[in-house]
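Given next, in structure tokens, is a single chain: the form predicted on its own.
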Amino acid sequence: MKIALAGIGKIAIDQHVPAIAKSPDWELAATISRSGKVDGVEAFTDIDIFLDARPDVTVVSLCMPPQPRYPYAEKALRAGRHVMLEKPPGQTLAEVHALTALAQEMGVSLYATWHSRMARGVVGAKAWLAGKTVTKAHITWREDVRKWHPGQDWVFTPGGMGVFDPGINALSVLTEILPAPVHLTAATLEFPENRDTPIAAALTFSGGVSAEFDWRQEGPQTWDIDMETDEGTLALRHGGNQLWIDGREVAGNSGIDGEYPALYAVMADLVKTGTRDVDLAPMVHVADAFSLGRRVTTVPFLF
């Protein structure tokens, strides 16, 4: 199937382009971007021109930041194209609800992707936790924004979500593997005095679940989830790519190379079956954090 990538930035080049190239399901037939290109692929700078010029490209994968994404998705859906959304699927829950309704109206597929759910240890973690009672869980998600979003000021503007851009990856795993749902009860959000979104967050959920997100960690990065249950302990390391049960490693490695190919395999199935997959549970927790969060101002942040 022919697919177009919209938004040729770091995530598209690092993950989407290689995943499509390795897939037996997809041919990268076009790009839509104001600046980026992929060698050997027809490039457009305007979504409307692309939609008019390439009716043969039936799927569009949107990789740009969440702020400009809605109009691109709406136009693609109205043109009868299937749409795949990079995480987070939009700036707001209302945007994504509107896109879901539109996709259903147009009879096309819409996929709100959560790449961390495709990490190697997640399926095993979910299976092991099934039927157990989680008594305590803690997420530690600390990374270096300068490494993963170099010079990308959009992450600190409204709609960019700040530290929840990576933190939502942890929440996507949490909502996937927990045997019973939880809800946020309190949050503290640290905002640099010169920025509009948080650089760190501490979250408290029901059911003994807590989380710590921080975008200021240099050196080795930390993406860990630790759980205690009535029948033992579970740990996910390296963003869910290593699974430990009762202190013993049972699955995975430290790489994320399988996550995006898995997303594109799911998208291929959705298109072939004419179905949609839009789970907004991780984004609900983020919205609740902004609603409940106590704001603390910290030192300015500069790239």
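Throughout, we count residues from 1 along the sequence that is shown. Being a predicted model, the structure only gives us computed values, none of them experimental.
Another form exists, predicted together with a small molecule; not displayed. Remarks below refer to it.
Among T188, T197, T229, Q152, the residue placing a heavy atom within 4.5 Å of the small molecule in the model of the complex is Q152. The candidate spot formed by S33, M64 and Y260 lies fully in contact with the small molecule in the model of the complex, as each residue has a heavy atom within 4.5 Å of it. Exactly one of the stretches 46-54, 66-74, 265-273, 243-251 approaches the small molecule in the model of the complex with heavy atoms within 4.5 Å, and it is 66-74.
Residue contact check for I3: none of its heavy atoms lie within 4.5 Å of the small molecule in the model of the complex. Taking non-hydrogen atoms only, R295 never approaches the small molecule to within 4.5 angstroms in the model of the complex.
Among residues of the shown chain, R216 is not one whose heavy atoms approach the small molecule to within 4.5 Å in the model of the complex. Taking the partner from the other structure, the small molecule in the model of the complex has a heavy atom within 4.5 Å of a heavy atom of K10.
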